[in-house]
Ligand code: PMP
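Before any questions on how it binds or moves, here is one chain, the form predicted alone, in structure tokens.
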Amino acid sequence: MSTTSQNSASDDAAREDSPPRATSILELVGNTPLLDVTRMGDELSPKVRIYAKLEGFNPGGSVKDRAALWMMRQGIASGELREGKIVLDSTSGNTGIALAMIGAALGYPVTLVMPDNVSVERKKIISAYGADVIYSSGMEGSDGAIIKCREVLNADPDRYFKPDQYFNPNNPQAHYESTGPEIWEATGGSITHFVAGIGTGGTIMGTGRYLKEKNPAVQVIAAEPDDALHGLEGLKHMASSIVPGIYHEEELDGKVPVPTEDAYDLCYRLGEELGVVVGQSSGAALYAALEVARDLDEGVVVLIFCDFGDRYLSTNLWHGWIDWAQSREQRRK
């Protein structure tokens, strides 16, 4: 091979390995990495592996970028979202951030209804994208935001485009078309169990459907708060909540009830032992994945880490982290 040909081949290889070039932030949604978190488990079979999909690497910082992008695209394609319309939806934070980011990128104004007790970080991020916020009572949680959002929409329905994340089939479709295929490809089709928390249900429904189409033996397991009065922001205790229209529990192979404190403890351990700081819903997903993994002789368990923990530093999760750090110092003495 000539020197010129060798240089050309090297240049091609370099281009293949280089980071992608994007003309829009939206082109960077998806294709998030898997991280082996097996060593977080005790007494696991050596033939069991646990991988977490790090959705915090999406440009808006969470798994919700996927659903928000699919819903907005569908709105534009159908003509429901057009010039002069305002994007309106209820959110506990991450979907709101995603809608605000996408609205800014596409040139659509966004108004969000959120519980007033969501983290300060989420409020500031949404503000940075230029979105407007209407606050509902924090005591009423995400259900209160849903109800207030309906009131705003009903007062002037022609003014808004409501993606309606709890009832829009494009929410799970986003995961059917992106999250599921990415997991299947990254594991070489070896996945045996998929674990995710349930908020709207979009992630677990869409991803689960794709994986079961590829291999009906794949088990789809939901991580759910064990009590109505829980501290796992972003997750729903379905028996005490407004059940999203896109959530179909009969499609699940099981649910794992997650205690809030145990989920928090796993968040703290992840930071100290793996260098991964995540939010409480990720701690809940890991708790459920470990419960599943302990009963296996062999298998590949994949779970979703919805976001990173930097948007929860003003919440009870972080205050617990301070206590954890103090107790750690006492243990070391």
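Note that residue numbering begins at 1 and tracks the sequence as displayed. Just so you know, these numbers come straight off a predicted model, no measurement behind them.
Unshown form predicted in complex with this ligand; subsequent notes refer to it.
The listed set P163, G180, P225, G201 contains one residue whose heavy atoms approach this ligand in the predicted complex to within 4.5 Å, identified as G201. Although the partner is absent here, D65 sits far enough away that none of its heavy atoms falls within 4.5 Å of this ligand in the predicted complex. Within 4.5 Å of any heavy atom of this ligand in the predicted complex lies no heavy atom of S90.
At a distance threshold of 4.5 angstroms between non-hydrogen atoms, L303 is out of contact with this ligand in the predicted complex. Interface residue remark: G197 is counted as part of the site for this ligand in the predicted complex, having a heavy atom within 4.5 Å.
Stretch-level contact analysis of 229 to 237, 113 to 121, 127 to 135, 71 to 79 against this ligand in the predicted complex, using heavy atoms and a 4.5 Å limit, identifies 229 to 237. Taking this ligand as positioned in the predicted complex, the residues of 302 to 318 that bring a heavy atom within 4.5 Å of it are, in sequence order, C306, D307, Y312.
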